[in-house]
Every structure is written in C-alpha cells, then in structure tokens.
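Alright, two takes on the same chain below, each alone as structure tokens: structure 1 and structure 2.
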Structure 1
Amino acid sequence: MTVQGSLQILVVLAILLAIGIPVGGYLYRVSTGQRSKLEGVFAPFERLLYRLVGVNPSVEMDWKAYLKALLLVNLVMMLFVYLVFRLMGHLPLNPDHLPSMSWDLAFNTAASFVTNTNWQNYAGEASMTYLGQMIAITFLQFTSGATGFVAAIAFVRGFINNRRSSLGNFWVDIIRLHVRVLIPFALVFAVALVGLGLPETLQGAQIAHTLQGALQTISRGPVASLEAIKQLGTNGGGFFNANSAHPFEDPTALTTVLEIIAMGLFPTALIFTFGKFMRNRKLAIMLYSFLIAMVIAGVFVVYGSEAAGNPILHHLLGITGANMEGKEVRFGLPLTSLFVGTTTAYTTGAVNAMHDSLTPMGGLIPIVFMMFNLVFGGKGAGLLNILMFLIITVFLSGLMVGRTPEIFGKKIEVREIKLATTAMLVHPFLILVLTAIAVTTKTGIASMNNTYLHGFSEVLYAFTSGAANNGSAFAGLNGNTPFYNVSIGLDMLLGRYVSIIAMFAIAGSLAMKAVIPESSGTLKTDTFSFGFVFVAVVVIVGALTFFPALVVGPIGEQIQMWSGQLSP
C-alpha cells in the first residue's frame, strides 16, 4: 500500500460523490414528473412510447396493480429472451457461427439478466451471438436496472402518502426513466468508450498473423454499447468471458475509472434522491457517510491484502511482491481493489480482476458486501434493502426504549415487521441452504476448480452472488451444469422477487396510514447515533448469520495461507 495508491482510490470516490449529488436531484425531478430543459425532446418521445405500449399515463396504480404490472412484464421479457437464446444460432447477426444455448443454460441466463444479476455460466465470445448480445443482453441491461429503480421509487412514495393508495403508474415510471435517464446517459457514455478504445462493430472475429507467424482469432463485436449500460445499470454481465479485465472492455486506467464511476453513480445518487423525497438532507448525508465508510474500509482491506501478496509463492518459489495472479498491469493494485469493492457494494458484478485468484481476505470483502446487500446496493434494489433494514432498526430501537416504533411519520406495526423480516430472511436462507445442498452432493463438488476451503468459497460465492443479484463470480466454478444452472437460476429469481413482493406489500400498507406529525417522543432517524445502531443491526442481524460459513471459507483459508499449507 502506498500513499499514491490510496489517493487513486479516494479521488475516484470524491468524484463519484460530486457527480452523485446533482444526479440524485435530477432523478428526483424525473421521479416526481417535473419538466426538464429538454422537455421538447423528451415529451414527444414519451408520448410516442405510451401510444406504442398502449398505456394511459394518467391512471394511478395501488401497490397490487403496480406490482402485478412489474412482475408480468418481467415474466414476458424473460420468456422472450429465453426464446432468443434457444434460437439465436439460426438467427441473423451471427458472423462467428455460434450455436444456440441448451435449455438449462438459456433458463439460467434469462433469469440472470431479467433479475439484474448478470451471472454468466457462458463465455460471451464463444456462446453469445451479436444478436443475443444486443436484443437480449443489452436490452435487459436497460430494463432490469429500470425495474429495480422504479420499485424503489414506488416504495418511497408509499412512505410519503397520507392515507392515499397510489404508488404512481408503472408504465409511466419505466418509460420516463428510459427516456430521461438511461438512454441519454448510456449514449453519451458509450460514445466516450468507443473513443477510448472499445470496439463497436458488427464484423466477425479478425484473423491475425502474429509477429511470430502464428494465427490468432480476435473476437470483437458491439462492445461499447453493451459496456455503457452494463456499468450504468449496475448489471455487470460482460461481452467477453474475462469481463472488464478484457482489454476490449476496459483498455486503460481511465476507462476503468469511468466504469467504476458509472456503476456507483445511480446507487450513490439514489441516496440523495431519497433524501429529497423525505425532505431530509441530513438523513441522506448520514446514510451516505456510513455506507461510504463501509466501502472504503472494504476496499482498503482488499488493497492491503493483495499488496502483501502470497507467502506460499515466496517460500516455495522465491517470488516476492503483490498477488498479480488474475490481475491486469494497466489498472494497478489500487484501481483493481477499488473495482473489487465497488462492484460488490454497488451490486454490479463486473470484474476487472479474477476474484477467484484474490488472496482469501481480498476475496472475503466481496462476499461480505454481497451478504450485506445494502452497501449502497444495486440500482433501486439497494435502496429497498436499506429501507427494509431501517424499518427493522426502528422496530428494535422501539422495543429497547419501549415506544411504538415509527419511521418517517408512519407507525410500524405487526404486518410491516412480519413482511420486512420475511424479506430479510430470504437472503441468508437461499445462500446457506443452497450452498449446503451443493457441497453435500457429488455433482455440486465436481464443478469446483479449486479444492478444500477455497472450493467451498467458490460455491458460497456463487449462491451469495445469485441471491444478491450481483453476478460476479469465483469463476473457476463450472456453473454450466444442469444442477448449477437451475439452482443458481432459482436463487436469483427468488432473491429478487420475494423481497420485492414483500416490500411492495409494506409500501401498500404504509401508504394507507396517516402521517403522524413529529413530536418530542419521535425517535430521530437522521442522527449519527441512529446510524450507528443501523450499522450494528445490519452487522448483527444481517451478517452474523453468515459467520460460520465465512469461517469455513475465506477466513479458514487465510489462516491456511499464513501457515504456508497448500490444499491437499
């Protein structure tokens, strides 16, 4: 670790904050239907889309109608995309003659991209045609990010409502978000990325005669357009197998900085959007401070651990220095460590290094961030999890001081607590039960690339990544088997929709409650002391559940590495 390296990390985070605050304000204006400076461009485009989709933008939806529309459109998109994966080998835009997918891989991939997870049991350059990359992958990278975002906004509306059932109109929200936010941001970012070296072509792979006279087949394609929304929509599913470690997805230190900022942008901004909705700037600042402190702490653990290197290589082979297995020279350790931390904090899942080859402590951080699932979190989904834990924190604090718990002027009662607890428990339940099943079956173990404790970490990482809708991997695990395709597929679907359904039910009941004016007896939720309680609840209730699994996986392996023991 060096001062210069630390500076590289902190400057990126400072820029992210500086852009995140105004973008948060913009998202608030978009979500509340305010006019923009480009109204003359946006409004006619929106009217056209309303007509094409067949919606009446003035209809208001209660939580059931909103949720029904959200789930239905997700289901239809998943079916369409599944068909594309099954048929793409026979469809146009396939210059490299790649085949269609098997049923289980197509199911896993469709579930993965519709849930904003972007777990990939396929290697992009070898198994995804250009048509698939465009009308399936790039398409869902827009809409799945938008789905999480509108779900969070609808929930926040439930908080604000005073005995009013409407959470907005799902179709209007999703169309406005695309027209005013996602498409313009992605267009600008994608053009910048092409200029900085990402390919954007429909031509097939290029055969090169290398300097040494051998043949090399160089895969390429419409990369930049996918890359832009992959990062902005907290998606993370790469064009190539190596994801953002591939020089065509991330050719320079500058592009990796831009990609980190892009994936952190909306999750950071949403905290400030939330503050605007609640008319409470202090609340947003408090939440931001605690969340960014967790990010920084995690990133520096990764940085320190990777810089210390692998003592076993030093003892056995005399190689001294940082752990560079599975890393790229152009990024350097600080930006690699920052990427590892942010891609799991912001629940994106892109990688610019192979997480499987990180030191055990370096690999622990991404797993823990995904287990928290709310260190900013994915687009919208993160804010939903933060709100869920705020409700649980308020409830526990209320019990401790003997008051009826209330948050933002709404009483929290039995129904809300039951639902919030359900939403909270799905996450550890999925991760721990599925991991247990996998490591006790032959077919689960056979897919491990590494054995022993690290092999356990590979499986634990996979189900954590799926349930958190992250999508990054300890990629040595061969997930393209019927067992893992189906189990991780269900992991992703349940991890996404069970908590969304529970949270919408909470929003529905909160919306119908009267807003109680703040009194001297109200527990203040925008103070730093409440923030400490919040983090404590997250750590104790949320993360301790996972501690035994972490001991068997990365913590155990770290001790193994320090003691110089290779796996048997």
Structure 2
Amino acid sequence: MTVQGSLQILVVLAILLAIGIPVGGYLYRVSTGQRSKLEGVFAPFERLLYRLVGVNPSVEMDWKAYLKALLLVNLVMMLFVYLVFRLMGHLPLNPDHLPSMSWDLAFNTAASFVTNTNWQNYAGEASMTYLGQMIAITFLQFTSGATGFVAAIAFVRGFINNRRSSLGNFWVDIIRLHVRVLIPFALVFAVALVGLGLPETLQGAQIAHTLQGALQTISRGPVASLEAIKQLGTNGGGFFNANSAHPFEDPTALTTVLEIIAMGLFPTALIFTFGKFMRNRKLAIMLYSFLIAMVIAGVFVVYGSEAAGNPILHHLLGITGANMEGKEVRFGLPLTSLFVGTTTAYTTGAVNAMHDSLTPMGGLIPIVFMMFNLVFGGKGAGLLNILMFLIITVFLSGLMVGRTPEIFGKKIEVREIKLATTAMLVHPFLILVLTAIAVTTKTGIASMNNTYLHGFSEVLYAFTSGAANNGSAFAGLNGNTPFYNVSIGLDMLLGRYVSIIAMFAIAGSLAMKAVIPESSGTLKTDTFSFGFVFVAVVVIVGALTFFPALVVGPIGEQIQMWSGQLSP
C-alpha cells in the first residue's frame, strides 16, 4: 500500500459524493413530480407513453395494486427475453451467425437480467447476438434497475403518508424515471465512452492479420451503449466475457474511474433523496457516513491484502511484491481494489479483475458485502434493505428500553416486524441452503474445477452473488449446467421478489398509520449513536448467520496461506 494509492481511492470516493448530493436532489424532484427545466422535452414523451400504455397518470395505487403492476411487468419482460434468447439464432442482427441458447441457459439469463443481477453463464461475444444484446440485455438493464428504484420510492411514500393508502402510480414512476433519468444519463455517458475509445457498431467481428502472419478474430458491437447503462443501472453484465477487464469495455484508468463513479452514483444519491423525503438531512448524512465508512474499510482490506502478495510464492519461489494475478496493469492496484469493493457494495457485479485470483482476504470482502446486501446496495433495492434493517434496529432498541418501537413517526408492531424478518431471512436461507445442496450432490460437485476450501468459496460466492442480485463470480465454477442454471436462476428470482413483496406489505401497513408527533421519548434515528447501533445489528446478524460458512471458505484459505500450506 502506498500513500499515492490510498489518495486515489479517497479522491474517487470524494468525487462520487460531490456528484451524488445534487443528483440526489434531482431524483427527489423527479420522484415528487416537480417540473424540470427540460419539461418541454420530457413531458411530451411521457404523455405519449401514457397513451400507449393506456394509463391515467392521475390515478393512484395502493400497495397491492402497485406491487401487482410491478410483478406483472417483470413477468412479461422475463418471458419476452426468454423467447428472444431461444430464437435469436434465427433472428436478424446476427452477423457472426451465433446459435440460440439452450432452455436452461435462456432461463438463467432471463432470470438474471430481469432481477438486475446480470449473472452470465455465457461468453457475451461468443453467445449473444447483437439483437439479443440490445433488445434483451440492454433493455432489461434499463427496466430492471428502474424496478428497484421505483419500489424503494414507493416504500418511502409509505413512511411519509398519514392514513393514506396510496404509494403512487407504478406506470408514472417507471416512465418518468426512464424519460428523465436513465435514458438521458446513459446517453451522455455512452457518448463520453465512445469518445474514450469504446466501440459502438453493428458490424460483425473484424478479422485482423497479426505480425506473425496469423489471423485473429476481434469481436465488437454496440458496446458503449450497453456499458453506460450497465454501470449506471448497477447491472454489471458485460458485453464481453472478460467484462470490464476487456479493453473494449474499459480501456484506461480514466474510464475505470468514470465507471466506478457511475456504478455508485444512483445508490449514493438515493441516500440523500431519502433524506429529502423524510425532511431530515441529518439522517442522510448519518447513513451515508456509516455506509461509506464500511466501503472504505472493505476497499482498504482488499488493497492491503493484494499489496502484501502471497507468502507462499515469496517463500517457495522468491517472488516478492503485490498479487497481480488476474489484474490489469493499466488500472493499477488501488483502482482495481476500489472496483472490487464498489462493484459488490453497490451490487453492480461488473469486474475489472478476476475475483477468483484475489487473495483469500481480498476475496472475503466482496462476499461479505454481498452477504450484508445493504452497503449502499443496488439502485433502489439497496435502500429497501437499509430501511428493512432500520426497522429491525428500531424494534430491538425499543425492546431494550421498554417502549413500543416507532420509526419516522410510525409505530412498528407485530405485523411489520414479522414481514421485515421474513425479508431479512430469505437472503441467508437461499445462500446457505443452496450452497449446502451444491456441495453435497454429485451434480453440484461435478462443476467445481477446484476442490477443498477454494472450491467451497467459489460455490458460496455464486449463490451469494445470485441472492444479492450482484452477478459477479469466482470463475473456477462451471455454472453453465442445468443444475446451476436452474438453481442460481431460482436463487436470483426468490432473492429479488420475496423481499420486495414483504417490504411492500410493510409499506401498505405503515401508510395507513397516523404519524405520531415526536416527543421526549422518541428514539432519534438521525444520530451517530443510533448509527453505531444500526451497524452493530447488521454486523452481528451477518456474523451469526454467515461466519461458519466463511470460516470453511475464505477465512480458512487465508489461515492456510499464512501457514504456507498448499491446497490438496
């Protein structure tokens, strides 16, 4: 670790904060229907889309109607892209004559991108046609990210409503978000990426003659447009198999800085949007302070571990220095470590290095971030998880002082805590149960290219990534089998929608409650002392739930590495 490298990390995060605060204000104005300076541009498109969908924008929805519309739209989108994947070998925009997907891979990919996970059991340049990349992959990278965002905003409305059942209008929210936020931001970012060297073309692969006289096939396509929404939408699915380590997706240190800022922009901004909804700036500052502290701590653990290198190589081969295996020299170790931390903290899933080649302690951090699933988290979904743990923290605090717990002026009763607990438990249940099934069955073990502790870590990472809707992976596991395609597909679907359903039920319950005036006995949720309790609850729950599995995986590997032992 160096001072210069540490400053690189801190400066990038400071820039992210500086941009995130005003963007948070803009997201608040969009979510509350305030007029924009570009109203004459945005409003006509919105009215056209309302007519096409057949929606009256003045009609409000309660939690059941809002949730029904959200789930129905996601189901239709999943079925549509599944058919695209099954038929794309026979459809246009296939200059490289790629075949259609098998049923299990098509199911996994459709489930992956509709849930904003973007897990890929295929190599993009060798398996996905341009039509599939644009009308299925890029399309869902807009709509799935928007789904999480509007779900979070609808939930927040449940907090601020006073005996009013409406959570807004799903169609208005999702159309307004696309027209006023996602499309303009992605368009500007895509143009910037093209200017920095990313390709954007519908021409097929280029055949090049090397200096040695051989022929080399260079894949290309509409890369910049996918890369822009991939990062802004906290999606992560790469156009190429190497993802953001590929020079066509992330050619320079400057582009990797921009991509880090892009993936963290909306999750960071939403914290300040939430503060504006609650009319409590101190609350936003408190949440941001603790969350960014967790990110910084995790990133520096990765940085320090990778900079220290592998003591076994030092001892046996005399190789000293940092662990650069699986990393791109053009990024450098600090930006690579920051990318590793932010892509899993913000549950984006894009990678600019091979996570499977990280040291065990370096690989522990992305797993832990995904297990917590609220260190900012994905756009919208992360805020939902933060609010879920805030409810649980307030409940536990109320038990300790003997008061009926309340949060933001709403009493937390049996129904709300049962639903919040359900939303919390589905995440570890999916991770641990599916990992146990995979490592105890012949079908699951057959896909493991590594055995012993690291092989277990690869399987644990896969199901953690799926349940957290992250999409990154330890690459030693062959996931393109019917067993893993189906199991990880179900992992992603249940991890996404069970918690959303439970949180919407909480929102509906809270919306109908009267706001209780603040009194001397009200638990302050915008203080740093409460923030410490909040983090303690997250860490304790995470440790009690996941520590045994982590000991068998990356922690055991780290101890083994320190002792100089090689895996059998």
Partner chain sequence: MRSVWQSIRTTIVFMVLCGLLYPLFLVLIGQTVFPFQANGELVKGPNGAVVGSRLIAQPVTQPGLFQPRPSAVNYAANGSGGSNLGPTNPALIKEVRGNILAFEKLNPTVSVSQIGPTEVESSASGLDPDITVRDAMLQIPGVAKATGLSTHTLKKLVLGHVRGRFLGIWGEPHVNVMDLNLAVLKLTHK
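None of these values were measured; they are calculated from a predicted model. C-alpha atoms forming the largest set that superposes within 1.5 Å between two forms make up the rigid core. Residue indices: 1-based, along structure 1.
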Of the two forms I pasted, which one is the form predicted alone: 1 or 2?
2
Core fit, then residue 164 C-alpha moves 2 Å or more between structure 1 and structure 2:
no
If the two forms are fitted on the core, does residue 316 show a Cα displacement reaching 2 angstroms between structure 1 and structure 2?
yes
